[in-house]
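Heads up, what comes next is one protein chain in two forms, each shown on its own as structure tokens, labelled structure 1 and structure 2.
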Structure 1
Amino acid sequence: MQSLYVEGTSIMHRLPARSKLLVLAILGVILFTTRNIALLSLGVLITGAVYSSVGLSSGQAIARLKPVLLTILVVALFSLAFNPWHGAVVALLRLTALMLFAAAVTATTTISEFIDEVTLLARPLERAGLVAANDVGLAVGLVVRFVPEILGRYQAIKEAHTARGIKVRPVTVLAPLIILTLRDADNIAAAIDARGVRRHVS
């Protein structure tokens, strides 16, 4: 799985992940407190400039955000059709600015930097006995490792269906796919415990 990180040396790349996430959180709060169109437009311009500075080609930069941008547009148009125009424009600008900055953070922060931050965020939860913070990295690693496996398994089940002349239907494919995948869990869990990866678990 290819991450959305982009190699580069822009200012955003050099900033620590924590400050970028903090700025994103603060930006979210600020954007939702103002209804001033001029101010929000300025916000879109600035975040747009930040996003364009991360080193993506303009085609790529737009392609990445197209689905989110489309949703924002559709909802704004929908809202415009029934509500006063001011509200629709405010929502459009607000979400666009937030999306641009969020995309800039995503493009300039590596997965491992993110995992460090998520782990840090999970620490208080760990003290409350809810999760073990170090499990975050383990879970992420497991998913990244197993997605290709599941895709391969799906292909094999599909071919088995075709070979037997059975039509490929969601239920007849999904059930064996889930069972085969979850059956691995015991072996994987045993392997993880045997290596002492989760030392805190007795």
Structure 2
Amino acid sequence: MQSLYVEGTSIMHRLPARSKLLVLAILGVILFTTRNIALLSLGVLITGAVYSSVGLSSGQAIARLKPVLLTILVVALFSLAFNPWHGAVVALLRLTALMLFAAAVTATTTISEFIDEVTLLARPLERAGLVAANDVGLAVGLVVRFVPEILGRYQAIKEAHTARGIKVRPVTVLAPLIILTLRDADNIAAAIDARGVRRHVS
């Protein structure tokens, strides 16, 4: 299984996972409380510089962001269709800045660090009897871990369609992708249960 983590010694790598997640949360709040295009553009430049410092080549860095970037462009186009241009630009800049910093955090934080921090955050909810903190941490870790796997599988299905001369369409690609992903999810859940990792609460 692939991981989004990139080995390195950048400043982002040296920061504790908790600090990075806290900055990401604060950045999200700041970005969504301003509509100033100049400030948002500055945010994109800064987060872009942070992302470019994590040690990925230009091609890898862009390839990782392509699916999310396409989604952001679609959101901006919808916003442009129903709102003044200013609103569309604001949405585009906000989401792009957030995406760049989130990508930098993901590239410099290991899955185990993610799981530890999310588990710690979920402890108060566990004490209230609402969730099992370890399960929440594990679930978030698996989601982060699965992202590159799903993207790689999508690419493989697309290439298989092209090699067979089948026109690549979302419907023909998504169906096998969902089936394969669910099958893997079942296998991983079975493996986790077999090892007694999850703690069931009544």
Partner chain sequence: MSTRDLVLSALFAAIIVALGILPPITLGFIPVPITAQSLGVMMAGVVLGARRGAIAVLIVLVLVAIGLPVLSGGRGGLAAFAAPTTGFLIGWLFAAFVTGYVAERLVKSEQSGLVQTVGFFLASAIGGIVVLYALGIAYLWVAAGVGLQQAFVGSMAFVPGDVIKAFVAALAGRAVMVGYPLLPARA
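We call the rigid core the largest set of C-alpha positions that still match within 1.5 Å between the two forms. Owing to the predicted nature of the structure, the values given are computational and were not obtained by experimental measurement. Residue indices: 1-based, along structure 1.
- Of the two forms shown, structure 2 is the one predicted alone, while structure 1 is not.
- One rigid block turns against another between the two structures, and the hinge that joins them sits at 134, chosen from 177, 134, 33, 67.
- Treated as two rigid parts, the chain shows its smaller part rotated by 32° relative to the larger one between the two structures, based on C-alpha superpositions.
- For residue 140, the displacement of the CA atom between the two structures, after superposition on the rigid core, amounts to 7.3 Å.
- Relative to the superposed core, residue 185 moves its CA by 12.8 Å between the two structures.
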